[in-house]
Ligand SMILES: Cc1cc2nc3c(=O)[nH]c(=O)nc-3n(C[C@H](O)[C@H](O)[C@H](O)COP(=O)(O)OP(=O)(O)OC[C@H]3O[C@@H](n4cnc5c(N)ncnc54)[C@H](O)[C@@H]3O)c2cc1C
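The form predicted alone is given below as one chain in C-alpha cells.
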C-alpha cells in the first residue's frame, strides 16, 4: 500500500497550570497603575510564552496577561478525563528537526517520538487497494499543481482553481486540503496561502501531551491568570497602557497574541482604534473550525497501529479523520472541521459523539459501538478566549499575514500562528512569531548601545623643507 503523506497531497500535489506570578512587575493594589514594566504580553499561549522568555532573556521586565484560568491557549493537555494525556487542541510537532518547541521539549525531558509515516484510506468497509491509493495520489498531485499555478497569478479561492474532473476522489481531496489542513472549506481558503504553506509531512508527538510542554516552558514566566485585557491605549507618552478589571498596567510596549477571532469580536479594544489595514488583516485571517471527538476503544478493535491516521473516501462534506491508539493508549479521536464541523459542534457534544460512532460504524461495523467507553468532544468555537481553531487566509487575504507583522506606532506588535507566513496553524509557527515580535519590540525599547566615536586626532602640520 502506498503511503499517503502530507507531502503527497500538498507538497507533491489536565493541563499544567502556571501559577499567577508578577515578579518584578508585582501589582501593589487593584486599581493602581503598575509601573516599571518594559513589555506587557496579551495571551499565555505558545506565542505569548515565547515572547516573554525572549524579553526576560534580554534582562527586561514583562507581565503576561491570560484571560483563561490556565496557560497554553490552544495547547491544552487534559489528564483527568481519560487517565492518560489528551490534547484537546494542538497535538503534533511539525518538522520536529527544526521546530523550536520540539527542541525545548527534548531539553526539558519530555518523551518526543516520531509519528508513523503515511495514512490509510477506508473505502466503505475495506482499505483502499494499491491501485486506488495510486489513483488518489495522482489526483492530489493534479490538484496541488493547479493550486501552485494559480498562486503565481492571483489570490483566488482554492475551490475556484481545483479541476472539475477529480471524480470519485473530489470530496476526499477537498476535505484533506480544506477542513483537515486548514479548518475551512476550500471555497474559503486563499490558494496563495495554501501554496506557500511550509511542509508538514513529518510529525512528532509528545507522550505527555503538547499542552504539558507549553505549560512547562511557562515555568518562571510572570503570568497573571484569569485577567483579560480589555483595552490598549497605544498613544500615551510613556508607551502603552493596558486596562484590566484589576487595574491599568503601564508598559513601554505591548505584544498581542490573542486569536484573530477574539480581536475581530472586539473582546480587546484599542484606543485609538487600530489602523484600517490592521483591522482588515484581522478579518482576512479569521480562524476556521476544527474539533476532536475522543473515544475510548479498548482492546484495539480496529487493529490499527499506535498513532495511525485513517481517512475515508467520502462522497460529501460529512466526514472526518481517525487518529487511533494515541501514544499506545486506548484513546482515539475522530476530528471534524470546516463548515460541517462547525455546524456539528454547534449541536453539542452528544451529537458529535453520535456522529463519530455512526461514522466508525459505516467504516468498520456496529460492534465498535459496544466497545466504546468514555467520550468527550471539544468545541473551540465556543471557548470564549479562542473562538476557533487555526487561521487560514481568506481568498485575496494572504498578504494580511505580512500586514500583521507590522508594528502599530512602534508600541504594539501582533504575534501568534496567524502572524506567520508559512507556519500558520502550527505551534512552531506561533512560537517563532512570538519570539520574533519580542525581538522587534526590544530593538525599539532597548536599542543596541551606540559605539562611541573616537575623538579626532589633531592633524600635524608638516614643515616646509
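These figures come from a predicted structure and were not determined experimentally. Numbering follows the first chain given and starts at 1.
This protein has a second form, the form predicted in complex with the named molecule, left out of what is shown; the following refers to that one.
S.K.: Select from the listed residues 169, 82, 385, 359 the one whose heavy atoms reach within 4.5 Å of the named molecule in the predicted bound form.
M.R.: It is 385 that has a heavy atom within 4.5 Å of the partner.
S.K.: Spot the stretch among 102-110, 288-296, 136-144, 344-352 with residues whose non-hydrogen atoms come within 4.5 Å of the named molecule in the predicted bound form.
M.R.: It is 288-296 that comes within 4.5 Å of the partner.
S.K.: Under a 4.5 Å heavy atom criterion, is residue 68 part of the interface with the named molecule in the predicted bound form?
M.R.: So residue 68 counts as contacting the named molecule.
S.K.: Residue 42: heavy atom within 4.5 Å of the named molecule in the predicted bound form?
M.R.: Residue 42: contacts the named molecule in the predicted bound form.
S.K.: Residue 94: heavy atom within 4.5 Å of the named molecule in the predicted bound form?
M.R.: Heavy-atom contact with the named molecule at 4.5 Å: present for residue 94.
S.K.: Would you classify residue 426 as touching the named molecule in the predicted bound form, given a 4.5 Å non-hydrogen atom cut-off?
M.R.: So residue 426 counts as contacting the named molecule.
S.K.: With the distance limit set at 4.5 angstroms and only heavy atoms considered, check whether 178, 319 and 377 all reach the named molecule in the predicted bound form.
M.R.: No, none of 178, 319 and 377 comes within 4.5 Å of the named molecule in the predicted bound form.
S.K.: Counting only heavy atoms, which residues in 308-323 are within 4.5 Å of the named molecule in the predicted bound form?
M.R.: Nothing in the stretch sits within 4.5 Å of the partner.
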